[in-house]
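Coming up is one lone chain in structure tokens, specifically the form predicted on its own.
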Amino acid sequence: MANLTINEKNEIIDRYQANPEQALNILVDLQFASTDGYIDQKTAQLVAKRVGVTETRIYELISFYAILKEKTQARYVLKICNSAPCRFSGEPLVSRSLKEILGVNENEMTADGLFLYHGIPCVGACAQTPFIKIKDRVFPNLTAQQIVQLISDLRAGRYPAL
């Protein structure tokens, strides 16, 4: 999380009054605020100290919740639903298209470090299948052509907030 200053990290922690019951929300906000896309050791130590829990407790949260990462992530982590309703409603189009466009399998980062895609449990967007979720934004009802366009737009930096 080299791109976040200690003050920026503390501001996020202060948003939750350094409440230990909000440690998960703090970690998620820190990860989303960072372009690195993961919680590094120094940040985990800072959160533990500020909210008054052990570092072990912070790593329990990081390792339990799939949304949290402790290793460098691709610039864009594309999430595709792997629940049964989505599998029968068009999700295979997304995984096939991403494999073809990006040239990597699920859970593999592209050589340029820009993309990684992986399955996630149901996010309650079954009516919008096939979709791709990036951070908290859902790109719904995708066609193969729209997936190509989305990847092109991401490469061009057309979604700076993601």
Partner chain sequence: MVVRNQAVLTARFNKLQADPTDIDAFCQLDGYAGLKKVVEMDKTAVLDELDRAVLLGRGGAAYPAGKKWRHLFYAKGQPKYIVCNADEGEPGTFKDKTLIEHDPLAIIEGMTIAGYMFDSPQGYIYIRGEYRNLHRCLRKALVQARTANFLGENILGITGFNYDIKIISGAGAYVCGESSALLNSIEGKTGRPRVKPPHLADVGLYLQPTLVNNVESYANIPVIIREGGAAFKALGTEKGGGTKLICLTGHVKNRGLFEVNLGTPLYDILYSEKYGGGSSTGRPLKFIHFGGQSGPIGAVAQLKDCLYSYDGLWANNLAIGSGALVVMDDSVSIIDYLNSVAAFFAHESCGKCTPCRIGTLRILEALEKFQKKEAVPGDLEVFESMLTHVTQLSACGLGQSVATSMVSSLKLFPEEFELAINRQTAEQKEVLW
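Residue numbers count along the first chain shown, from 1. Computed from a predicted model, the values in this text were never measured in an experiment.
A second form of this protein, the form predicted together with its partner chain, is not displayed here; the remarks below concern that form.
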Since the chain is shown here on its own, which stretch among 96 to 104, 129 to 137, 39 to 47, 109 to 117 would lie within 4.5 Å of its partner chain in the predicted complex, judged by heavy atoms? 129 to 137
So its partner chain isn't shown here. In the predicted complex, which residue out of Asn10, Asn25, Gln146, Ser152 has a non-hydrogen atom within 4.5 Å of it? Asn25
How about Pro85: is it within 4.5 Å of its partner chain in the predicted complex, going by heavy atoms? yes
4.5 Å heavy atom contact, Arg75 to its partner chain in the predicted complex: no
Can any non-hydrogen atom of Glu60 be found within 4.5 angstroms of its partner chain in the predicted complex? yes
Taking only heavy atoms into account, state which residues of 30 to 48 are within 4.5 Å of its partner chain in the predicted complex, ordered by sequence. Phe32
